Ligand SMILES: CCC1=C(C)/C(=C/C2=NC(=C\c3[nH]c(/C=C4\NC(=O)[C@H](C)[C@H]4CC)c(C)c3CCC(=O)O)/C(CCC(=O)O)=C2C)NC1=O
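First, one chain by itself in structure tokens, the form predicted alone.
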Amino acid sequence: MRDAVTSLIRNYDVAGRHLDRNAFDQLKAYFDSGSVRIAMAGLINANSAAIVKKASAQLFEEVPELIRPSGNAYTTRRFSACLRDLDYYLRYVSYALVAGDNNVLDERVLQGLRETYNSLGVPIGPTVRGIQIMKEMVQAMAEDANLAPSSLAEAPFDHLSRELSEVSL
């Protein structure tokens, strides 16, 4: 698993280049935003159960056919799996926030997930919507906690959504 620093150094190493002004600016931005990224991850950690509960309630309100008979979240087992997956995405978003790099999402979450969901008949659209609802909630919580910029939370959520979906967001 890489973070922003190791990814930057790896890219320069592969190109056989010395770190330049752009690299130093990127490193400075990474370290300058460190306390905010850690605080956001802590916010997610402290509120993960509530975030998943509220996001799933909003998702099922927006897409009620998911919890109706023959819906993908109809049985207790399927409903629990949906909540588990939302929590899983949220946990890995917090890792990506701390790392300042979405690589962890590619390595640990996304690799083969869309294909798995398609083979199991899990609808991608509502999954992406659930991720976006969690993003909106985390951003609102970050703003309420005066964590600026709350937009730092966008990147990992949007990366998950974009890579899962077949439509550009």
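Start at 1 with the first residue shown and count on from there. On a predicted model such as this, the values are computed, not experimentally measured, just so you know.
In what follows, reference is made to the form predicted together with the named molecule, a form of this protein that is not presented.
Of the candidate stretches 27-35, 46-54, 139-147, 125-133, only 125-133 has residues whose heavy atoms lie within 4.5 Å of the named molecule in the predicted bound form. Using a 4.5 angstroms limit between non-hydrogen atoms, R114 is distant from the named molecule in the predicted bound form. In the predicted bound form, the named molecule sits within 4.5 Å of a heavy atom of V109. In the predicted bound form, no heavy atom of V98 sits within 4.5 Å of the named molecule. Although the partner is absent here, L59 lies within 4.5 Å of the named molecule in the predicted bound form, judged by heavy atoms. In the predicted bound form, the named molecule lies within 4.5 angstroms of at least one heavy atom of each of the following residues of 85-114: D85, L86, Y88, Y89, Y92, R108, V109, L113, in sequence order.
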